[in-house]
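First, one chain by itself: the form predicted alone, in structure tokens.
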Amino acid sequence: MKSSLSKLLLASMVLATSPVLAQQYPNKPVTLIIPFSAGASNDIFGRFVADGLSKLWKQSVLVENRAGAGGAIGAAAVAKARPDGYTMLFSSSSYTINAAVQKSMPFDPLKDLKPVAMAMRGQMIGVTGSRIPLPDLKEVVRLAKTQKIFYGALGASSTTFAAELFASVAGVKLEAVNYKGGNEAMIDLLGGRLDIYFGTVTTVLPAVLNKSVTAVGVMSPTRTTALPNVPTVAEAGFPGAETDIWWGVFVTSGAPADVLAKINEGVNTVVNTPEAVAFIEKQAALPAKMSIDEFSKTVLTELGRWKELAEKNNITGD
């Protein structure tokens, strides 16, 4: 009798820890926290992913906006959640930038959250104005060795870090001119008061198409379909200066491996349907498809790279 009871208890314990339970994920509503206000790209893409996962899983994925502190408030809420995958974070590459420039954060970006799936990525392009003839990136570098070259900076942002990464790889110093937004920087570039700007496709494309500025390099590993004749930064002679904007899903560290796999598979499925590709491309972005390890490596690499650049060039979150 005791032997039978022991076997029953052992079987119950095995069942309780079995991957079968994880495979049933999600069996209740999931919360997706977006750490930015409604209406921005993070919110647009996050809600798109949430809707897609809800339909795929046949389970509610509820969106909650928790803006503040450059995304740290929303991220901290997920970091403190139960490690079961039922509270997810939808953040962007600002996750690694914010971690690089903030002296203290309400969570540990390396230990408390697990990168699970990159959903989309956005490309950036270097464009030059008319103040000094700069037809390509090699000419930018050549002149930067003999005179000051001014670039448009947007504080602690992807734009600023793209410029500083390029300068670091090229072995030159570019002078930062700070602006509140990309449109203001483009106005000065068009007006001949700025030399180069590293902006998103959406920001720079109209001026490139009407030939008001010159596109000198795509900062991504691949060329952009919007301007297929513009070389990548590596093709232009500066491998190692590649960077993208991205958006992806994180969960609380410690979530079961099978749950992580289910989320990764779900996000990859949602963003790579023909309808999703069309929607994402309308937002001047591309669907991504990464394994958990690939996305984790991307985040880890950026955390180290941006922290080093921030310290070297005195970039802060202030």
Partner chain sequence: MDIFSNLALGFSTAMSAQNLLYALIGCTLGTLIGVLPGLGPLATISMLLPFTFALDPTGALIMLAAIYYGAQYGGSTTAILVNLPGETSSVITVIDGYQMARQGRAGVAIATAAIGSFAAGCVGTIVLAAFAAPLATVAFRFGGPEYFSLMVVGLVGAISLSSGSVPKAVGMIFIGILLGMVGTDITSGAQRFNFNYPELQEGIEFIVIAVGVFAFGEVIASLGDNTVRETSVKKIGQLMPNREDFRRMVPPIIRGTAIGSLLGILPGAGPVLGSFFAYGLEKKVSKYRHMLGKGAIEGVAGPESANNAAAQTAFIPTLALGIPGSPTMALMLAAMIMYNIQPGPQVMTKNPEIFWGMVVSMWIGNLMLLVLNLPLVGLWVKLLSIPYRALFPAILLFCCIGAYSARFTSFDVFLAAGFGFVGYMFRKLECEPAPLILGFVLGPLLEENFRRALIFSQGDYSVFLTQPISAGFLTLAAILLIAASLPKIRKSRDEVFAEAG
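Everything numeric in this text was worked out from a predicted model, so none of it was measured. Numbering follows the first chain given and starts at 1.
This next part talks about the form predicted together with its partner chain, which is not shown.
Checking Ile132, Val177, Leu227, Leu143 against its partner chain in the model of the complex, a heavy atom within 4.5 Å turns up for just one residue: Val177. The contact residue chosen from Ala77, Ala234, Leu205, Val172 relative to its partner chain in the model of the complex is Leu205, the criterion being a non-hydrogen atom within 4.5 angstroms. With the partner left out here, its partner chain still marks one of 287 to 295, 63 to 71, 24 to 32, 257 to 265 in the model of the complex; by a 4.5 Å heavy atom cut-off that stretch is 63 to 71. The three residues Asn183, Ile187 and Asn210 all sit with a heavy atom within 4.5 Å of its partner chain in the model of the complex. By the criterion of a heavy atom within 4.5 Å, Trp57 is excluded from the residues contacting its partner chain in the model of the complex. Using a 4.5 Å cutoff between non-hydrogen atoms, Gly191 counts as a contact of its partner chain in the model of the complex.
Taking non-hydrogen atoms only, Lys148 approaches its partner chain to within 4.5 angstroms in the model of the complex. The shortest heavy atom separation between Pro83 and its partner chain in the model of the complex exceeds 4.5 Å. Contacts of stretch 95 to 115 with its partner chain in the model of the complex, defined by any heavy atom lying within 4.5 Å, are made by Gln102 alone.
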